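Here we start with a single chain on its own, the form predicted on its own, put down as structure tokens.
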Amino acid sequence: MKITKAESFILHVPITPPITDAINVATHWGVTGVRIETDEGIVGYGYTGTTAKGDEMIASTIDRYYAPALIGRDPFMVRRIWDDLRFGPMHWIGRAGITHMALAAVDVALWDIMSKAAGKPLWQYLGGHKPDKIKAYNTNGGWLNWSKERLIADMTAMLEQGFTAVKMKVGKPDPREDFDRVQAVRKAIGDEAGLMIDVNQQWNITTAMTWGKKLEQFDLIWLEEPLNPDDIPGHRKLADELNVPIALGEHVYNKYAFRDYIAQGAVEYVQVDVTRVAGVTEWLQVAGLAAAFDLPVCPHVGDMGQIHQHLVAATPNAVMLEYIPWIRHIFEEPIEVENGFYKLPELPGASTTILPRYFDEYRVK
């Protein structure tokens, strides 16, 4: 099999209503990716996720530097292709961020092609571990721009839908308001429901230590991204001194950075995101690294779960998966959660095939 064509695309899918966390305001989700054609008629789709900002730089990287290097290559040589692109001309200007997100899209599309050619959903092609379902937790109700009343209503409603764990955003200018919102949610959902909180990097070490200690009483599953993602010593200090596990990974872009976090004991839930590290190839390496330290993997879903459902289903130390359903309707086989569990995909591929009508409706490039 040979690759005959590779072309980028950008879709902007509306988020209704718009949401905010401590650093982002999002009205659309950017689905920036690549469509790769082969001489055997199999087409692969891969993409990364954004807040609909900077997509043109990712697409330009794909079209100018990665797509030409794919023509004539065998997609089954995916790891060789990954090395050639990762350590090729773009290595000089970027080993994270834009170049890695572009490489993620290419790599996912190649794994999509291979699993389609094998006639297997990706989770089986990788060697399945979970036979029929994976646990989900719901983030799509805990937004920072929600009033306390709406926050409580949404969090309790998600539990009534069958979810057993929910996540809410914190990072208000006054941490006392965060404390009040967390306290109100815990009281409303009861002691049995799982609760996570996500700071989105808004605290310094002093704030995190002070308010992390205060928040311990609410029996949190984890405290997510409390500090700048480049501050490994700070996260290690929190991991050592707080009785709440530290979760992070959505802004950690390569296996070497994850190695340093893990080896220094600075992370306890590894949230590696296939759209931020350079695709399935590097995601599997990070998950394996976490397994060597007996750490659980709970991915951040920049893909909104389409690809990650396969990876979690194939990975023994991946324990659950975030649920945010913003873009599920655009796919041939959308993610499906029932009674708090993802139902595993059945169609061959990585569940990344986009329905043609949504290229017409949402395409901006």
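Just count from 1 along the sequence shown to find any residue number. Not measured: the values here are computed from a predicted model.
What comes next is about the form predicted in complex with a small molecule, which does not appear here.
| Would the small molecule in the predicted bound form be within 4.5 angstroms of a non-hydrogen atom of every residue among Arg95, Asp107 and Tyr253? | Looking in the predicted bound form, the three residues Arg95, Asp107 and Tyr253 all stay beyond 4.5 Å of the small molecule (heavy atoms).
| query | Pick from Lys169, His235, Arg181, Lys116: which residue has any heavy atom within 4.5 angstroms of the small molecule in the predicted bound form? | reply | Looking at Lys169, His235, Arg181, Lys116 one by one, just Lys169 meets the 4.5 Å heavy-atom criterion.
| query | Which one, Tyr66, Tyr323, Tyr45, Trp29, lies within 4.5 Å of the small molecule in the predicted bound form by heavy atoms? | reply | Going through each option in turn, the one that passes is Trp29.
| said: Looking at heavy atoms inside 4.5 Å, which stretch does the small molecule contact in the predicted bound form, given the options 352 to 360, 339 to 347, 6 to 14, 19 to 27? | reply: Selected range: 19 to 27.
| message | With a cut-off of 4.5 Å between heavy atoms, is Glu224 one of the residues that contacts the small molecule in the predicted bound form? | response | Contact check for Glu224: yes, within 4.5 Å of the small molecule in the predicted bound form.
| message | Please tell me whether any heavy atom belonging to Trp82 falls inside 4.5 Å of a heavy atom of the small molecule, as the geometry stands in the predicted bound form. | response | Trp82: no, not in contact with the small molecule in the predicted bound form.
| field | Any non-hydrogen atom of Glu282 within 4.5 angstroms of the small molecule in the predicted bound form | value | Outside the cut-off, so no.
| query | Using 4.5 Å between non-hydrogen atoms, is Trp146 touching the small molecule in the predicted bound form? | reply | No, no contact at 4.5 Å.
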